Ligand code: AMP
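The chain below stands alone and is given as structure tokens, in the form predicted on its own.
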């Protein structure tokens, strides 16, 4: 394990032409203090967890001191926001401190969010607020524990600094990590300014750094797009399977490596509602739960257009046409596992659809239902079961349950083995927005960060019973049900 000063930096992005970034140092926070630290994320860069106890840790991650070997810069990108191209984006409140290579030669971008103004800040102040950093810290780690690709969160640094949003809030910084922070919008930036040589240069860079197996391939550019399609399709299928709604799937919030990035007005769907939209700014539901697969494909089309100077449109279309099959196959496989099937069968599609149709009519809690379903006994004619009893109108769900039991018996399902398998894929604990809100209120109003650490602990092990935390597994109270979240951070 290493001290902060011993981290092994390798700043490859800095070697690209200056048009790709703005060299800028973080703006120090006033009176910084440590809010929370994630030793699991720290281990990814070989960081000794004892470093978080030292005063210098706060200095380094509040912008007051520069980590030796780092070379901070703000990345340039543009993107389509709510379907409209915006040429004025870029890292307006975040700075890439550099890239750290660990002992097994994995490269992690070290990205400081809330680090002050950059060339791309425009009218914004370049700060993040404590509220938004807590939400991103908790959700990125919760998503990771669910087995979904994502950025990781190392720490949050709080301060006394006041930041104006809808109201006056407290400024903070969060250190997040990813294999890359290159986005679909990174390619769009050079495509829409008619700089195809930079599109090619960026593509070569991404392949060399993140997809080295493609580097010597004759069709490497097409294969990169194909890989982006594949990874994105599987990512969205995983989101859908756990009821996660990102909330703002602009092309600048889509990672070229197919990971979840830029947590803002997200939400885990509670009552099953395909039109669920956690972002209070999304008045027309563009980024609703049900629209995520179609929006992902729309965004991939914009990526393909941005790569048009190096991939012929007809060839790119071949890659894009694979999205629906990849997504559908992955989604059905995931849902089949949620239902406890040993293998996915063609007939499962109809069974899954019937169930979801019933759930949307009854507004049943998505996470709780699937967790309870594991207790159903397949060879028992009695349908008075916990999961079935969640429905007011029993006729539809009882008919479905009878079909479900027949499907289980057809593959000689063992109830004990099935329950064990279902509980490995159906989480008991998710980050319901009211839980995050409780942690935020304690932190903001009382400077009490204990709830952040407790939630982090619970959400690190979402599939286990953790009976001592049973209250965190229930439905949201009335005040916290389907909270609408602001984009503002």
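Positions refer to the first chain, counted from 1. Since the structure is predicted, the reported quantities are computational estimates derived from the model, not experimental observations.
Keep in mind that the form predicted in complex with the named molecule is missing from the display, and what follows is about it.
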Given that the named molecule is left out here, which of 408, 96, 89, 326 has a heavy atom within 4.5 Å of it in the predicted bound form? 89
Tell me, out of 162, 165, 419, 313, which residue has a non-hydrogen atom within 4.5 angstroms of the named molecule in the predicted bound form. 165
Residues 77, 122 and 126 all lining the named molecule in the predicted bound form, heavy atom within 4.5 Å: yes
Give a yes or no for residue 252: in the predicted bound form, does one of its heavy atoms lie within 4.5 Å of a heavy atom belonging to the named molecule? yes
Hey, in the predicted bound form, does residue 281 get a heavy atom within 4.5 angstroms of the named molecule? no
Quick one: does residue 81 come within 4.5 Å of the named molecule in the predicted bound form, counting heavy atoms only? yes
Is residue 188 close enough to touch the named molecule in the predicted bound form, meaning at least one heavy atom pair within 4.5 Å? no
Region of this chain that lies against the named molecule in the predicted bound form, out of 217 to 225, 252 to 260, 397 to 405, 298 to 306 [heavy atom, 4.5 Å]: 252 to 260
